[in-house]
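In structure tokens, one chain follows: the form predicted alone.
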């Protein structure tokens, strides 16, 4: 059986989106109950849904995972994941440790779980450069230690520092090559 889902997890601002873009795999676009931010598009950044709809689908068992973050829900519909698992092309998704664990539990043989870590101060600096206020930075970094501890469950852990970006690019090439669909190949 081959890998269908490349799941990235790690602390806030550790570089998950950077690694995801370097992998070059199509993304699984998840759902959120929050309003779109400036420049965000429906179906590109998220699917923007009502809180009531997301809660209803979760209660009906139609969401693989759902989490609340800063008063908004984020989640992944089961049908979306089923379509990816049944398809021929792997996709990537960024999830928190609970969501990554749930996908691993449901699709163990089809999932490559990649942990992304950075130094806490690097994460703080990145959040500051994005213009987050100090209280949001503190909230985002509040789970840093738990997120890092959860990386022990990952198949692969990438240390995302500026000095490692070339190595990460080489590894991304290797992963992409290994995920190419061939009748006799699996990763």
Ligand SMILES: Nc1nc2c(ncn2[C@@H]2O[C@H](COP(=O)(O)OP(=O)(O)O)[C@@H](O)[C@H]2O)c(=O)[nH]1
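If you're wondering where the values come from, they're calculated on a predicted model, not measured in any experiment. Residue numbers count along the first chain shown, from 1.
Not on display, but discussed next: the form predicted together with this ligand.
Contact between residue 76 and this ligand in the predicted complex is found at the 4.5 Å heavy atom cutoff.
This ligand is not shown here, and in the predicted complex it never comes within 4.5 Å of any heavy atom of residue 62. Though the partner is left out of this view, residue 120 does not reach within 4.5 Å of this ligand in the predicted complex, counting heavy atoms only. Taking non-hydrogen atoms only, residue 140 approaches this ligand to within 4.5 angstroms in the predicted complex. The candidate spot formed by 34, 67 and 95 is fully in contact with this ligand in the predicted complex: every one of the three has a heavy atom within 4.5 Å.
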